[in-house]
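One chain follows as C-alpha cells, the form predicted alone.
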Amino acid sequence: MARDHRTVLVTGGAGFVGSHLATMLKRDRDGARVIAFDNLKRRGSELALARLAAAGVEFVHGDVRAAADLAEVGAFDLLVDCSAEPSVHAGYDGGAEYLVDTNLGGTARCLDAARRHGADVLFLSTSRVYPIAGLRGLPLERRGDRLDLAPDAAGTGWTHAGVARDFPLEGARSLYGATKLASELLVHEYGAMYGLRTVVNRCGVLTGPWQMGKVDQGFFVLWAARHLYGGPLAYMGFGGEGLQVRDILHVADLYDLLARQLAALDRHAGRTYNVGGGRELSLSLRELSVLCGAAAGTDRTIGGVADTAPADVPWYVTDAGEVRAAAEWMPQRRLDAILEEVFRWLTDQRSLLEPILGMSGGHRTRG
C-alpha cells in the first residue's frame, strides 16, 4: 500500500478548497507531484489555473463522473477528494441528475481509481449530512443578535458547544446532504473491503481568499464583497432578521488538520470527524453585517424575507472536540484576522473579482 504520497491527486482541484489544498500540499511535500483534477464547471474556477501553475501543481481537465478521465491521470498514492456539486439547494428545481452523478457517482469513480492504485483517501464531506428537521428542532432562543442554545442545553449529539458526530441521522437532509452521506458509506466500504486507509471529514463553512461566494455557498466572502463592491443583500428565512448562525473555518486551518491526519494516518484511518471553527468562530448574519460594515466603512440597510426555504437551517455550530483531541489540532485564524484577509484580497483583486462577486451575482443569503 502507498505510504510516501509522492503523487497526490486532488479532485475538484480548481475549486476554492481543492486549489488551496493542492498548492499547500505542493509547498510542503518536497519533490511530490500534485495533480489538480477539475471540470471547471463552477464560475470562477478558471481563475485558479494561474495560481496552480505558479505553485507547480499540474492541472488535468476532467470529470469525476467519467472513469476514463480519471484513468488518464495514471497512478497516484493519495486521493484528496474535494469534488462536489456544493449547493444544498441543488435539485429543488427538479433537476437532480448532475448532483447525484457528481456527488455519488463521482465518489464511486474516484474510489475505484484509488482501489486500483492502492491509494490513501481523504474525503471531504459536509455538515449537511445532518437532517434538516433535527437541526430545526433544537431549542434555540434569541440571544442578542443571534439564535443560540442555552449554556446548559444538551441532547443526543448536541450541546451548547455545537453539533457532534453522533447527532441523529434519521430524516431528510436535502439531496446534496444525502449524496454526501451515501458517499461517506462508500468511502468506508472501500476502506474495509480493499484495505485502503480512508478518513472522512464533515466540514462546516469554509472560507478564505479566492472563494467565489454565492447565495448557497461561501456566504462569508459574498457578504464582505457586497459591502465593499455594493449590490443588494437580504436576510432570507427565519423571519428575515439575520439571526441564523454558522461557524467558519479558514481553509488554511483545514489544511493544517489534514496535514496532521496524513502524518499519523494509521491512527485516523476509518474515522469520521466533524470539522469546523466551533463556537469561538461562530456568528450570525446580523453580526457579520456589523463586522463587514466596519471593515468597509459603510452603514447599509439590509432587507429581509421572512419565508424559509426547504433546505435552510437556523443554527449550525460544529462540535469539533473529537478531531481536536485526536489530531491535537486547533484553528489558528480568528474571525477578525479572516475578515481582514478577505477584505484585503477583495481590494487587491477588485478588477478581477467585482464582475463575479458584485452586482451581477446572486444577492440573497439563506440559512
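Model, not experiment: these values are computed from the prediction. The numbering used is simple: start at 1 and walk along the sequence shown.
This protein has a second form, the form predicted in complex with a small molecule, left out of what is shown; the following refers to that one.
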Look at the candidate spot formed by 184, 268 and 318 and say whether the small molecule comes within 4.5 Å of a heavy atom in all three of them in the model of the complex. no
Interface segment, criterion being heavy atoms within 4.5 Å of the small molecule in the model of the complex, picked from 32 to 40, 50 to 58, 305 to 313, 328 to 336: 32 to 40
Given that the small molecule is left out here, which of 237, 86, 131, 209 has a heavy atom within 4.5 Å of it in the model of the complex? 86
Only one of 257, 243, 205, 233 gets a heavy atom within 4.5 Å of the small molecule in the model of the complex. Which one? 205
is_contact(residue 64, the small molecule) in the model of the complex, heavy atom dist at most 4.5 Å: yes
Quick check on residue 289: any heavy atom within 4.5 Å of the small molecule in the model of the complex? no
Test of understanding: in the model of the complex, would residue 98 fall inside 4.5 Å of the small molecule by heavy atoms? yes
Contact test in the model of the complex: residue 125 vs the small molecule, heavy atoms, 4.5 Å: yes
